[in-house]
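Listed next as structure tokens is one chain, alone, in the form predicted alone.
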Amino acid sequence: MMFVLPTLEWWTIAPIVVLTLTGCLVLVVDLFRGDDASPEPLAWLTTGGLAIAIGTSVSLWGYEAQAAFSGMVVADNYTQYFTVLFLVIVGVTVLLSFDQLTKEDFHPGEFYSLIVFSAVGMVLMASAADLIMVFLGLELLSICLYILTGFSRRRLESEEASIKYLLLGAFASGFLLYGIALVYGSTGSTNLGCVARAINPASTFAMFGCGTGSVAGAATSGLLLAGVAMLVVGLGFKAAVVPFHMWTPDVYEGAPTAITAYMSVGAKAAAFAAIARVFMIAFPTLSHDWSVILAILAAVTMIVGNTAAVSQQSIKRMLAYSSIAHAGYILVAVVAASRVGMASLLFYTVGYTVMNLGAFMVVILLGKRSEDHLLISDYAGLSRRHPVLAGLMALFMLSLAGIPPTVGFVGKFYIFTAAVQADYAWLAVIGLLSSVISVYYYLRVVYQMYMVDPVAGVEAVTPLRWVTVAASVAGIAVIALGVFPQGVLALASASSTFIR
């Protein structure tokens, strides 16, 4: 019998290779820097690596979907869509954190390398064609975020948030790993295509590394359903879905603001990239079971997130509960389990990234030190002190609330349309009603900026020019994507071709 070595298709993971090399290079270069050296060279090195990774990902767009490394990962348009989104988020985070590195005496080498390695975890989650790879990507992302959350080592709140995140995250990882074990025990495989074929022999997801000779027709059992439930817990924790959301407000409030912004969009997008891939590929036959469960979770998440945000006085905690609510909106698209739902999910992740990152940019710009001006009342009279920033913040708040003609309105419109088409009109109604609740706390920020006199002794420093430019670009994107969504929608639709 001839032994054949497996083929290593390195081109399928080219962005991951570039990111890994970039993270390692940042660490090596940091060894030769002085303690008082400027972090700017490392920032440019990180940005250069991200640009190369984006270029490699774009070059892979349009290729026929192909599983690689024995069916562990898959390179398709879905992977490249999320890869570019993740890397743009990382690039913006590097930009936002540059000033904070100096303010809080962060060590730039570890900071930038951790952000880059967390991006590797996010890309692995989006490209995973196997439950084991989902777990590895999630753990790589999580470990980096645990450390980054506690990077403000001189602030007790940051250290406390890191510990909470670590303990609860480890608990959620146990659920995920046990769920994978149960799925393997009931189907004989962790490969998404093989799991689908084990449940339904007519499954055609051979491109995910499962040929016609693999396991087929394993009976659907309570063991499999228990495994699916465990997967919901593990992935739902990272996406901040109720009732697995309790860590979110404390961690968002305690983490450095730039990292809070990063977690609120990057980690959430990665979690939903994995959720959509796993449930649409491995368990479409069981959709009548998990769709109902996810629909209930989505409804509760939207209600709890929006109602809890009403009473918040801290801008970061308010945005944390807002993030929970938006996780519910995105989960509605997963519940729809259709091409329209998947395209709306992909579109909404882009829109949510733009408007939420933009809001956090303004929060960062208004701080004298790293964690100043975090009360909503601190924004009183902002329109008189910084009219441009006030206008941008108002625009981001209106978009998050779903007011037309912003991208937030268009994104919600497509998600709720997908829910109605999938016979979940009641879920769309709950989403609309919860969005009405959100208008109150978003407009409260606008009210403070335009209708309340400035508070004595509260004065923001001159905003950083490059962050102001980035916030302005985000504001333009909020309107542009709301008025002309066709381009991103076309990319989202082209990235959803794996849905049957």
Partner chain sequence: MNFPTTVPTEAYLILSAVLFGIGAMGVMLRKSALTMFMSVELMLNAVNLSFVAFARHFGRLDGQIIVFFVMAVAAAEVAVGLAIIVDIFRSRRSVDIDDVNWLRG
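Note that the structure is a prediction, hence the values are computed from the model and not measured. Positions refer to the first chain, counted from 1.
What comes next is about the form predicted in complex with its partner chain, which does not appear here.
Not one of T12, A273 and T285 places a heavy atom within 4.5 Å of its partner chain in the model of the complex. For its partner chain in the model of the complex, the listed stretch (75-83, 389-397, 150-158, 423-431) containing residues with heavy atoms inside 4.5 Å is 150-158. D378 falls outside the set of residues with a heavy atom inside 4.5 Å of its partner chain in the model of the complex. Heavy atoms of S338 never reach within 4.5 Å of its partner chain in the model of the complex, leaving it off the interface. When its partner chain is considered in the model of the complex, S162 lines it closely, a heavy atom lying within 4.5 Å. Put simply, F413 is far from its partner chain in the model of the complex: not one heavy atom of it is within 4.5 Å. Among F98, F106, F117, Y146, the residue placing a heavy atom within 4.5 Å of its partner chain in the model of the complex is Y146. This chain is drawn without its partner chain; in the model of the complex, the residue among V310, V292, I132, A229 with a heavy atom within 4.5 Å of it is I132. With contact defined as any non-hydrogen atom lying within 4.5 angstroms of its partner chain in the model of the complex, the contacting residues in 185-201 are G185, G188, T190, given in sequence order.
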